[in-house]
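To begin, one chain is listed below as structure tokens, in the form predicted on its own.
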């Protein structure tokens, strides 16, 4: 265990549990602790407060549930299984399956997925289970269809590989088009900012050194008692992006705190209610548990750049995010949360009530979570081509005031179909295609500004090529001008360039 230095106040978890049993424990929510620490300081707060309760309620895509259906007669060894047409993983045993929150329905697509299946089970609804198998001597059955509720299952265990990020990065979009992400819908040209997490209520923000949070910590999970059983996947404490793996009895959970969701044009997820009690064992934990929204910082990232290391637009506090607007450049940009602060407060208060009613006691971690682990990116053997690698850099352009006849001559001589229109500073202001010229001749237009498309779909040099291919397909076009940060024309990429890449 890391030596974090001497402290004036020292309380054990056992001592705090004894105070809970006697009805003498002082239990406050994380928001209340902020004011107590500001008024009395960390030592005074540590002497007064025994437990701080936290809460968060947001989309936690890395969620799912283990289900055991029991053996049929004759038995079946499920090779593939679908629950309400959402496929679950079966590569473990005969009648066990893991349903992931983000798996999509094969009939309803993004309207319904694994998160919705989990919510339906928690609500006591009957679900349809369909399975196929290859058949063996001891498991002769090759297919089965049944309808079950959670009460028909032997086990239904919520088992989430990655929950409760210490902090979430906020998101915005520099592109000239709306994009759809796990951070929600992001409007063009920094039109909005979205964020997740509850700031000063978020569990891992309250004990970032993991002095009281670790393997075996009892928590509020989905409206029932659950546990932390390991560090979460992508646990990255060195950048304040710690995560936890959680487990709990799905049969005892409440759909108020487990909600299936669809994130538009991204996919399905599961909103999970989670709260961790923080035992105030010393003034150091009291200080971190008392950190307010104005002290907790995160970065606004540009999700318009589709790469692993997205550019940081600016650092921001949760106080700014919760205010509903942040400053980007010379203007105020609207901010909206993807998680529910109201429900997070509710979870912190429910957890406080459980402790005061002596139905929830604290646990000492059997092992602390690592504090020095560094998250590694995927090891890729083959480099992904980017726009800069295949775009045409020497681009023929025209001005808005040029004649349509001159553009027609360019198309005839050069043999291409896209003519970017730029202003005197070289910034893209429009585009004309050979089809536009044909239409212009029929309508007797004279100048390019009369026919050019001014709201141009563009690409950036550091975009991966597969994203460009999706743009071309989505908009039914065959070429994209490539622009720099200030809108200056850098090149053009067309379906012909993509074809050359595939041939290589």
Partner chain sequence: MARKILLNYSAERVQEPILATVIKETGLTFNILYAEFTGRGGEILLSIEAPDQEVDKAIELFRKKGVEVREIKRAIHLDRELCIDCGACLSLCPSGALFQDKDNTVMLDEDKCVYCELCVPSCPVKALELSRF
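Everything numeric here is computed off the predicted structure, so don't read it as measured data. Numbering follows the first chain given and starts at 1.
Separately, the form predicted together with its partner chain exists; it is not shown, and the next lines address it.
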With the partner omitted here, the residue among 102, 174, 392, 262 that in the model of the complex has a heavy atom within 4.5 Å of its partner chain is 262
Select from the listed residues 385, 75, 216, 334 the one whose heavy atoms reach within 4.5 Å of its partner chain in the model of the complex.
334
Quick check: do 47, 225 and 354 each get a heavy atom within 4.5 Å of its partner chain in the model of the complex?
no
Considering only heavy atoms, tell me if residue 57 and its partner chain come within 4.5 Å of each other in the model of the complex.
yes
Just to confirm, residue 193 within 4.5 Å of its partner chain in the model of the complex by heavy atoms?
yes
Verify the contact flag for residue 345: yes if a non-hydrogen atom of it lies within 4.5 Å of a non-hydrogen atom of its partner chain in the model of the complex, no if not.
yes
Any chance residue 168 has a heavy atom within 4.5 Å of its partner chain in the model of the complex?
no
If contact means any heavy atom within 4.5 Å, which of 252 to 260, 75 to 83, 92 to 100, 365 to 373 contacts its partner chain in the model of the complex?
252 to 260
In the model of the complex, which residues of 428 to 445 put a heavy atom within 4.5 Å of its partner chain?
none
